[in-house]
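Below you will find one chain, with nothing else, as structure tokens; this is the form predicted on its own, and questions on how it binds or moves follow later.
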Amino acid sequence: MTDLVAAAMAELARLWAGQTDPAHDLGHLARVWAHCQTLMAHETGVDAEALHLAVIFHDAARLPKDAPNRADAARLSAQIAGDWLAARGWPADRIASVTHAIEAHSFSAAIAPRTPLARILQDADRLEALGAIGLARMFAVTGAMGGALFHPEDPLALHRPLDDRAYGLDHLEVKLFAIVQTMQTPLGRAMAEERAEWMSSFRTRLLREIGGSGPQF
């Protein structure tokens, strides 16, 4: 870890002091950075230090999933990163690469990644929404917002509108399965496809355990 990366981590700890978010914590950052290193090995032209700093700051502005300005989180995080790096004399072009990657990583912001660095960060972050860790985060966030695991009578939403604010399982169809089609790198796409397949098998197992619907009284 370089001195700059260590200082960035200290700054993030200061920004996050007193906050809790089960889906966006230090473990999330470590996993995203691990994904970035895996993906980076198959790409060219990536500034590794800039990517590491983008990972650290990509969720610097933590806004709740149900916050009305949730779509601004990535922009605010990019601003925090840009201001912090500028204060340390980083050149404008490297700062721009970091801030663009942070802004483009967000699903809700709908910004197309223009650089290898941005494509890698976007894929690495979205891999966190898939697979076993994706399911854990999905249910944790739903619970934090007061939602249920699934609709007790119609878990697959065959006869009702999908509502992932109220039912965690709905989030698979509302957002998570669609993430596979947004992946930017060949390796990221392959990893996403495997994780989405596992999530589908989990849902099948869940439905089998509850007999196709929740318990009836």
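Computed from a predicted model, the values in this text were never measured in an experiment. All residue numbers are counted from 1 along the displayed sequence.
Heads up, the form predicted in complex with a further copy of the same chain isn't pictured, but that's what we're talking about next.
*Asks:* Name the single residue among Ala30, Ala48, Ala178, Ala190 that comes within 4.5 Å of a further copy of the same chain in the predicted complex, judging by heavy atoms.
*Replies:* Selected option: Ala30.
*Asks:* Select from the listed residues Ala144, Ala109, Ala86, Leu76 the one whose heavy atoms reach within 4.5 Å of a further copy of the same chain in the predicted complex.
*Replies:* Among Ala144, Ala109, Ala86, Leu76, a heavy atom within 4.5 Å of a further copy of the same chain in the predicted complex occurs only for Ala144.
*Asks:* Go through 101-109, 130-138, 86-94, 117-125 and give me the stretch that gets within 4.5 Å of a further copy of the same chain in the predicted complex, heavy atoms only.
*Replies:* Contact-bearing stretch, as computed: 130-138.
*Asks:* Quick one: Thr20, Ile56 and Glu209 and a further copy of the same chain in the predicted complex, is every residue within 4.5 Å by at least one heavy atom?
*Replies:* Yes, each of Thr20, Ile56 and Glu209 comes within 4.5 Å of a further copy of the same chain in the predicted complex.
*Asks:* Looking in the predicted complex, any heavy atom of Arg205 within 4.5 Å of a further copy of the same chain?
*Replies:* Flag for Arg205 set to yes.
*Asks:* Is it the case that Leu15, even though its partner is missing from this view, gets within 4.5 Å of a further copy of the same chain in the predicted complex, heavy atoms only?
*Replies:* Result no; Leu15 lies far from a further copy of the same chain in the predicted complex.
*Asks:* Closest heavy atom of Val174 to a further copy of the same chain in the predicted complex, within 4.5 Å or not?
*Replies:* Residue-level check for Val174: no, no contact with a further copy of the same chain.
*Asks:* Does any part of Pro186 reach within 4.5 Å of a further copy of the same chain in the predicted complex? Heavy atoms only, please.
*Replies:* Close contact is absent here: in the predicted complex, Pro186 is far from a further copy of the same chain, nothing within 4.5 Å, heavy atoms only.
*Asks:* Determine the residues of 157-193 with a heavy atom within 4.5 Å of a further copy of the same chain in the predicted complex and present them in sequence order; the list may be empty.
*Replies:* Nothing in the stretch sits within 4.5 Å of the partner.
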